[in-house]
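In structure tokens, one chain follows: the form predicted on its own.
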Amino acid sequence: MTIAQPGDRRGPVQIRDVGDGDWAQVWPFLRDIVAAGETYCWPRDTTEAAARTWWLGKPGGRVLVAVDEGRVVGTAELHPNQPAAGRHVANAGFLVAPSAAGRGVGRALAVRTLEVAREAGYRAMQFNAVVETNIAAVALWVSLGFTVLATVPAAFDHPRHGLVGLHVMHRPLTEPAAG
């Protein structure tokens, strides 16, 4: 799938399944985002091997990448939120390279991931831990039809803001995502 980004004169971002050689481009920005400690609950010193296993190896999972001019600039991983009786609800994680921030890469990944989830038979998507200070992500999810179901107070130790809440967000997949 190729999605043209408004205002981006360089052309469309391609969203596709992760390929064998893509990890080498994903790891540097995944490492930096996790090390910053502002949006993921992962240990800030997560090793490459652990990150690769966690991102690419979830049972029942699928990983997408956003490619711009031959470079991977974002990634999303989709998997069941829970096994067995909870497998009809999807969960996903998203990362956009800081160099591509503000260009619609996250939205393109999100829209495609919601489509893939619907195609796979998921009935809803749930995020268990959206850091409330991640204003851009929260705004994106709300614009795509997600609702904040609850906020767990002081559940995330942010390196600059201290203890902040984690949102639990949800969206039914009965309607297509607004692009």
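For every residue, the number given is its place in the sequence shown, counted from 1. This structure is a prediction, so every number in the text was calculated from the model and none was measured.
The next section is about a form of this same protein that is not shown, the form predicted in complex with a further copy of the same chain.
With the partner left out here, a further copy of the same chain still marks one of 55-63, 137-145, 35-43, 108-116 in the model of the complex; by a 4.5 Å heavy atom cut-off that stretch is 35-43. Not displayed here, a further copy of the same chain is kept clear of A51 by more than 4.5 Å at the level of heavy atoms in the model of the complex. For R71, no non-hydrogen atom is located within 4.5 Å of a further copy of the same chain in the model of the complex, even though that partner is not displayed. Although the partner is absent from this view, L163 contacts a further copy of the same chain in the model of the complex, with a non-hydrogen atom inside 4.5 angstroms. Contact check for V18: no non-hydrogen atom falls within 4.5 Å of a further copy of the same chain in the model of the complex. Residues are counted as partner-facing when one of their heavy atoms sits within 4.5 Å of a further copy of the same chain in the model of the complex; in 61-100 these are Q82, P83, A84, A85, G86, H88, V89, in sequence order.
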